[in-house]
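Below sits a lone chain in structure tokens, taken as the form predicted alone.
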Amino acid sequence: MLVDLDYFYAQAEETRNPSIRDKPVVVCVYSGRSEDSGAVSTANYIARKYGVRSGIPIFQAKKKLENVNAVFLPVDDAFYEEISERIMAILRSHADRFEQTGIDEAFLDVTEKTGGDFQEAKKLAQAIKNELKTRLALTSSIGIGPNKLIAKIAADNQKPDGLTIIESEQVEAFLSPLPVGRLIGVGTKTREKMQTLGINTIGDLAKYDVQKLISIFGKVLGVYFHDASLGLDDAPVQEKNEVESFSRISTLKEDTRDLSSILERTNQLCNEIYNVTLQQKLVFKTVGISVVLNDMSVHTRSRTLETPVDNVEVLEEIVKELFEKFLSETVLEARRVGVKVSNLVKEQKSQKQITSFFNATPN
């Protein structure tokens, strides 16, 4: 299955401020040259009804929403990455094999978990959607198919909050009427080229002579287009890169210098991070904190251990010491606080040594 979070940046902003859910929400990459310079990163579906799309200039988006009570927000990468880590932890827990393909998208191989039964896969997908809604207040669109190619196209079939299942015997009927541009790898120029050849749908492509495709697009692409048009894909679901770090950040109820108030929140963050590392059988060597002060300045501190550990009490204690030291260096109040673990390695019994905490070296 392919799990794709709906209008992710804008939806993440809606979870942070639920009062904007019924308004057009536009998340923008501002260039800084002027108030309206830059481009739209993403927009919620209400804004899309007015013609606002990713990539259009901000001034154009504002023009389309001129007489509407719309919300324009700057991209907040750190916040979206924090939400993404929580999403991926949930998705990973439901998969036999897992492959994250973007900040808001991942493939899950669930063949073993479901016994290869598409109806069981449907139940699992609905459970995943419910968990994302309950825990994170986020909707997702999920496509289920016999391979990654079909799952991806199926996920795009019903948005937002969709669930599309394409069983093996349904692949040809599903693909055939779709515009050829829906096929993964067919961009604007390739689509236009195919249309000059009389190829308008994926079904048209499936009927086109493979040798002619090879002569036009080259062997690799020609064979790929032929196989993909038939729904053939043997690419496995697999982890692409090792995770380098896990972090959590949170806005405090009020600006404060009170250590106990800060630790009450950071201990929650520590437990969230620890649960993720435990689930993935990872241990950490470096513990860090981040602080956004009430003057909006951002500060970080970290400590590296001699030996990796996976103990939440150690994590909390290091975070406490880092905050104690940091607060002694400033008179300002904390607005947002974060915790991060890095230098991650796979867990080994010999690495679970709490005593390594006492041989820590500060960064």
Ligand code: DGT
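Start at 1 with the first residue shown and count on from there. Remember, predicted model here, so these are calculated numbers, not experimental data.
The same protein also exists as the form predicted in complex with ligand DGT; that form is not shown, yet it is the one meant from here on.
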| property | result |
| --- | --- |
| Non-hydrogen atom contact residue 2 with ligand DGT in the predicted bound form at 4.5 angstroms | no |
| Residue contact check: residue 303 to ligand DGT in the predicted bound form, 4.5 Å heavy atom | no |
| Ligand DGT contact at residue 323 in the predicted bound form, heavy atom, 4.5 Å | no |
| 4.5 angstroms heavy atom contact with ligand DGT in the predicted bound form for residue 41 | yes |
| 6, 29 and 55 all contacting ligand DGT in the predicted bound form, non-hydrogen atom within 4.5 Å | yes |
| Ligand DGT in the predicted bound form: contacting segment from 33-41, 311-319, 292-300, 326-334, heavy atom within 4.5 Å | 33-41 |
| Contact assignment for ligand DGT in the predicted bound form, among 97, 159, 265, 129, heavy atom within 4.5 Å | 159 |
| In the predicted bound form: members of 205-230 within 4.5 Å of ligand DGT, any heavy atom | none |
